[in-house]
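Below you will find one chain, with nothing else, as structure tokens; this is the form predicted on its own, and questions on how it binds or moves follow later.
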Amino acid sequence: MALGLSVDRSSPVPLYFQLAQQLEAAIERGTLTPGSLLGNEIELAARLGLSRPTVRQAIQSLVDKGLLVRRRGVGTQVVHSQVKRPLELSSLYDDLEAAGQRPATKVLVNTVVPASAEVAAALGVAEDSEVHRIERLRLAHGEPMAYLINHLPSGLLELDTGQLEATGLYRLMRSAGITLHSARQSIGARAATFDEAERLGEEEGAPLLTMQRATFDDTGRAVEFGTHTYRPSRYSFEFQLLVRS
């Protein structure tokens, strides 16, 4: 495929990084689509006049980012572009669809539990009162992306496992007549526990992005409290900052 790759030997930017940036841009704009093969390292090196170690380093940097994967007997293959999620009141399911990904969901837990002190405070209910708890694994292109734990006030809406696997939680809430108005959210990072690593296909202790969000309807009532973990190789948060005069 014609990617128009080139390197500038007079630039202070390392050659491997120049190549990696161009390949990443081709993945982001869809010129290199998920599943397509990158080609032979030897041919790519010869075409660009680069050494094989330089090409290998560029490819490995994208493998480390989760954009490429080396498959025995197949070659180097494009996996997907990273999902860049805007910081606005939207669901991961909707954001994946908007990014051209193929979202899928596995519901691991769908039950009623006593509210912990943290959940009770977030939802504005009494501690140990009944709340609905759902745990889901969100996938894109068949690969784990996020582990989602959500608590909702008991009786807010019916939470059918089949529906939760077919669409996003916010869509179900809107369909039930709930108007989502605002949210309070915090973002962080920490090392993956053994269970989280196993679910997300990472190594134990690998860095994970975290998010906690309490969502409110148009009457100011808390309708959902989420605690989510994400694979940073597949996912990032995107900010827009405005200068205050």
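Definition used throughout: the rigid core is the maximal C-alpha set that superposes within 1.5 Å between two forms. None of these values were measured; they are calculated from a predicted model. Just count from 1 along the sequence shown to find any residue number.
Below: the form predicted in complex with the DNA, not depicted.
Using a 4.5 angstroms threshold between heavy atoms, residue 124 stays clear of the DNA in the predicted bound form. Within this chain, residue 33 is remote from the site of the DNA in the predicted bound form, having no heavy atom within 4.5 Å. At a distance threshold of 4.5 angstroms between non-hydrogen atoms, residue 75 is in contact with the DNA in the predicted bound form. In the predicted bound form, the DNA sits beyond 4.5 Å of every heavy atom of residue 26.
With the DNA omitted here, the record of contacts in the predicted bound form names 56-64 of 174-182, 203-211, 188-196, 56-64, defined by a heavy atom within 4.5 Å.
Contacts with the DNA in the predicted bound form, taken as any heavy atom within 4.5 Å, map within 38-76 to 39, 40, 41, 42, 49, 50, 51, 52, 53, 54, 56, 57, 70, 71, 72, 73, 74, 75, 76. Once both forms are fitted on their rigid core, the CA atom of residue 176 lies less than 2 Å apart between this form and the one not shown. Once the rigid core is used as the reference frame, the Cα position of residue 64 differs between this form and the one not shown by 2 Å or more. Here residue 55 counts as shifted, since its C-alpha moves by at least 2 Å between this form and the one not shown after the core is aligned.
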